[in-house]
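Single chain ahead, written as structure tokens, the form predicted on its own.
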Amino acid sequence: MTTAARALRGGRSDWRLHALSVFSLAVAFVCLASALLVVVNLQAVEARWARAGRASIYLKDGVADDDVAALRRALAQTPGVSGTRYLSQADARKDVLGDGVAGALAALPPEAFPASVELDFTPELGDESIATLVAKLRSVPSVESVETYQRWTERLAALLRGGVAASAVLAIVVFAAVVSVVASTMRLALQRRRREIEVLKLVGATDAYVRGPFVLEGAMEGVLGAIAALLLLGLLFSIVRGRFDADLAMLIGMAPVFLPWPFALGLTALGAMLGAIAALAGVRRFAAV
């Protein structure tokens, strides 16, 4: 009888034990996959803001139309600037409030919102060139301030680094949980099949032959636990995405994304590897009876 057939037979006989183990592994993998999902979305937001390729030039109050036109003409002739758009105070108020928005902001007059010139940069324009252009713009008398959104990118990068560190710590906890659960399950399964193993040893079965089905069962537990975690996380993600506000997606520049398929495959492969290693460690001392 092949190793796979023996593992399948053993799994059927102890299916309740294996089902409980798979459930425990799924809970552990959900925690790790959730952390990875947060990191993936933070990375996407950071990349989106890093390549935004735009800046906002906020103008001082009372700037003459001629000065605005002269500034736009100068910007249009600047290398690396692909386009400009003027937002008056009324346009800025409309952009912020939108249609049908009530509350304290809606009561503010247009004068409370600064006029601005929105700049679009070409993809070839580097960070140093943008910084040089921003420094020159800030010295223009009609300009109040210039926002390149670089600060938000830096904050997101710091948040991303924190998320990666937290995921690494969580991964260690998950690894320990997987090894503990699978090893304990395999030891219990081995004890239940102890008489069968004794018979196999009497007829000359090697330790590798005895351990093989348990290692395969451990690997399958890890795979099923990872797949169950991905399915559960996918269900939760679809619920959250369905309730995700479109205005918020427009504000951050993207909608939430699920784990890419390489991450899903990697998590499944990790489950198989950890399950096999844990099963081997769990039965190594007990198989040689």
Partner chain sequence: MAASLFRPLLRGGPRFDDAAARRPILTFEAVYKAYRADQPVLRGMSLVVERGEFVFVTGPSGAGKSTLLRLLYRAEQVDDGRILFLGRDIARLTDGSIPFLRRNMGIVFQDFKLVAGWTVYENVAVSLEVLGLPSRLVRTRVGEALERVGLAGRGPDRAEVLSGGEQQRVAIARAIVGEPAILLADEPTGNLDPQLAIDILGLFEEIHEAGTTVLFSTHDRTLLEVRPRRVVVLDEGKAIDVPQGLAVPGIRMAS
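Positions refer to the first chain, counted from 1. If you're wondering where the values come from, they're calculated on a predicted model, not measured in any experiment.
What follows is about the form predicted in complex with the partner chain, which we do not show.
Visitor: Tell me whether Cys31, Phe237 and Arg241, taken together, all sit within 4.5 Å of the partner chain in the predicted bound form, counting heavy atoms only.
Guide: Per the other structure, none of Cys31, Phe237 and Arg241 touch the partner chain.
Visitor: For Val146, is any heavy atom within 4.5 Å of the partner chain in the predicted bound form, or not?
Guide: Val146: no, not in contact with the partner chain in the predicted bound form.
Visitor: In the predicted bound form, does Lys201 have a heavy atom within 4.5 Å of the partner chain?
Guide: Yes - in the predicted bound form, heavy atoms of Lys201 and the partner chain come within 4.5 Å of each other.
Visitor: Tell me, yes or no, whether Glu118 is in contact with the partner chain in the predicted bound form, where a contact means a heavy atom of each within 4.5 Å.
Guide: Glu118: no contact with the partner chain in the predicted bound form.
Visitor: With the partner left out here, check for me: in the predicted bound form, does some heavy atom of Asp91 sit within 4.5 Å of the partner chain?
Guide: Contact check for Asp91: no, nothing within 4.5 Å of the partner chain in the predicted bound form.
Visitor: Among 212-220, 158-166, 190-198, 73-81, which stretch has residues whose heavy atoms lie within 4.5 Å of the partner chain in the predicted bound form?
Guide: Among the candidates, contact is made by 190-198.
Visitor: So which of Val140, Ala205, Ala171, Ile130 gets a non-hydrogen atom within 4.5 Å of the partner chain in the predicted bound form?
Guide: It is Ala205 that has a heavy atom within 4.5 Å of the partner.
Visitor: Taking the partner chain as it sits in the predicted bound form, which residues of 174-191 have a non-hydrogen atom within 4.5 Å of it? Please list them.
Guide: None of them.
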